[in-house]
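In structure tokens, one chain follows: the form predicted alone.
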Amino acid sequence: MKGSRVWSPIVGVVAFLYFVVPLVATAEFSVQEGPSHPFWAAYSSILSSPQFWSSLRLSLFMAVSAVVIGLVIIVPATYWAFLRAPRLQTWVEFISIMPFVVPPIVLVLGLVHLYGNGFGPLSSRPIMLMAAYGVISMPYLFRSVNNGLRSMDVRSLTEAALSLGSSWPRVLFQVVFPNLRTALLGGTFLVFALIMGEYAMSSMLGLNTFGVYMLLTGETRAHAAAALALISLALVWFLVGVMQAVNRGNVTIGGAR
């Protein structure tokens, strides 16, 4: 106990410095563009760039689409495995972690080879990128959904909702989803953080996402790249704050609290 009391403040200070010192150095470098420029020049150049806003909108749209695709597939499959087929949980978990085995470049090349020569709307590069993001987001969403289902009594909640006259779609959307809110928000944050910095897939498909814009900015403008790194960090923390604000409520059964 005495040893932990001595080392806890030391570890806390070291961890604080480990995270804060690089941020302070990055912020200091971002405002040192030169005496002929105001200290906010790098930030104003980034925020006034049309490419910044277009890439940000594209990445946010892709992140939302990937979350929707992942939730539509993962939540019903995992819920059904928990409720009706416990033996299939291992197979659902195995399928969900397959994107970790397949490299992103191989996944994109496979999509281009299969659908790139003309296969209706699937031949569109944005649609292919959306599908690829939906696939690579599944491991993160599955882990969050799986942990959320393990933390609640799925069978009792389902039986209670059905006994109150709820249909299966209502059970899924008014019982399962609300009680998985914390887990879903955690998985959503991981997917957003992953997609906002993803570069390989989007660059191979020729789309100017936020990750591509960050890399191109770093190759040509060092001070603007530092400013962009801080802006992206602030954006991520803003999303975390929004998710924490939304993450409030109690267990619900069939729409009742």
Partner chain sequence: MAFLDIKDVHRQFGNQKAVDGVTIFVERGEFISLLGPSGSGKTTLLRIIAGFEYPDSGSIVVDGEDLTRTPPQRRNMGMVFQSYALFPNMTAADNVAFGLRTRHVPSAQIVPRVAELLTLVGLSEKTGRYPHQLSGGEQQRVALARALAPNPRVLLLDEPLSALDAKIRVTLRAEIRRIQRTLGITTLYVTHDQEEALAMSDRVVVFNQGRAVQIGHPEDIYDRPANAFVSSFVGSTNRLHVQVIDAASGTCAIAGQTLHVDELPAGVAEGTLVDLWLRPERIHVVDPDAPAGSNRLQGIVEDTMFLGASSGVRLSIGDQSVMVDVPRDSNRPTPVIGGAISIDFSSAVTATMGDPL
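As the structure is a computational prediction, the values presented were derived from the model and not from experiment. Positions refer to the first chain, counted from 1.
We do not show the form predicted in complex with the partner chain, though everything after this point is about it.
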### Task
With heavy atoms only and a cut-off of 4.5 Å, decide whether Leu185 touches the partner chain in the predicted complex.
no
### Message
Considering non-hydrogen atoms and a 4.5 Å limit, does the partner chain approach Val175 in the predicted complex?
### Response
yes
#### Entry: Residue contact check: Asn146 to the partner chain in the predicted complex, 4.5 Å heavy atom
no
### Task
Mark Arg155 yes when one of its heavy atoms lies within 4.5 Å of a heavy atom of the partner chain in the predicted complex, and no otherwise.
yes
### Query
Is any part of 152 to 166 within 4.5 angstroms of the partner chain in the predicted complex by a non-hydrogen atom, and which residues would that be?
Asp153, Arg155, Ser156, Leu157, Glu159, Ala160, Ala161, Leu162, Ser163, Leu164, Gly165, Ser166
